[in-house]
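Just one chain is shown here, as structure tokens, and it is the form predicted alone.
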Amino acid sequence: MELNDLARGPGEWLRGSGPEADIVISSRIRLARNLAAFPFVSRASESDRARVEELLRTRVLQIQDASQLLYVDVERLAGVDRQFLVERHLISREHAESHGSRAVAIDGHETFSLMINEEDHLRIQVMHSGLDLDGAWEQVNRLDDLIEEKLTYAFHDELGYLTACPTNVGTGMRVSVMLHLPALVLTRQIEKVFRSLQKISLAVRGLFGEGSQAMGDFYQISNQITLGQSEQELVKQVADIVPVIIDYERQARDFLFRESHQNLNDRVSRDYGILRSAKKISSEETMRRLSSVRMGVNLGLIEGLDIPVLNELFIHTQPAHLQKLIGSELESEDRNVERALYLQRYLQSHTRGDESERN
């Protein structure tokens, strides 16, 4: 498996299956771990970082689950390839933009990635499509145990796992669910939901995590505190609140469908028409209009179009993905033209029968 092989599909997080997949895009659990014998990454010398990378590479490639791994030297990647991995949620923006010896190991199904020398020596990340936190926890816990059999983590009997950021000390765990919430945005209820989440120590972030914008009405909900709670408690904290948010989004969609059906249908139809006919279009506008169309498909306003097709377009039309698919690096204006052409071809070839919409 090579890096270019990943570009053709949507990746696990946008597969469009799993429980509550109309609203819940993916479930992710990430563990932060450090090796006891080395300084934290921020205090490590380049030789320390190189030794950590070499040691983790050797051990990671020995674990049973890693038999089909793609191991990538991030330091040696071209900029477009690093951005490609960020868009695919296989590495963080910080990992892409850092310096020095660092790498990522990715399994063939993209259900997990192992970031080496990010903020911590090791970030173990598992992603499942739809609402499947229990499945994600089972897999990440198994991976963590396999790696810990071969290495000694930095661990304190009272504090738990020691991490570079104090907010991760304890379990080192971040539990997050990505949701598609266009109706709450349209009905202007989204800020109310966010304020409620903040009161119970849950964070809300955009599509690409901390500091990113909520492109395409995608939001990530995650825990903020790791110390003093068990892994199971953290999973339960997020798992208990997600069904409430799902219910709010479904109520908002029902309201729009019932009270503003004509306006909603017109909005969705216009967005679909622009995606099929635009001569040039930015990634931000594409995400916004795809979000509207995705909701329209789920509400039965558009026929002949499947959610996995739209999910693929969310990722394929991102700047780095588009350039990988086309096979050349492009300036922004040229990307906007190529993106429009790609949308036209893809929607035409993946729409079943007539592309007519219900009234």
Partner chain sequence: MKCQKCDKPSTFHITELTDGKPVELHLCEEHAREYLTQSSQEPTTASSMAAVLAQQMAQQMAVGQTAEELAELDQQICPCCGISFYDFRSQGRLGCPHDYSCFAPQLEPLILNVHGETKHVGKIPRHAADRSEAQTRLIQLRRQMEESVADENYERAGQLRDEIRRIEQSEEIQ
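Residue numbers count along the first chain shown, from 1. Just so it is clear, the structure is predicted and the values come from calculations on it, not from any experiment.
The form predicted together with its partner chain exists for this protein as well; it is not shown, and the discussion that follows is about that form.
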Which of these stretches, 186 to 194, 260 to 268, 147 to 155, 285 to 293, has heavy atoms within 4.5 Å of its partner chain in the model of the complex? 147 to 155
Answer option from A278, L77, L162, L202, heavy atom within 4.5 Å of its partner chain in the model of the complex: L162
Can you pick out, from D254, D73, E94, D134, the residue that has a heavy atom within 4.5 Å of its partner chain in the model of the complex? E94
Using the partner position in the model of the complex, report whether I225 sits within 4.5 Å of its partner chain, counting heavy atoms only. yes
May I ask you to check whether R28 falls inside a 4.5 Å heavy atom distance of its partner chain in the model of the complex? yes
Its partner chain contact in the model of the complex: S230, any heavy atom under 4.5 Å: yes
Taking 4.5 angstroms as the cut-off for heavy atoms, does S332 touch its partner chain in the model of the complex? no
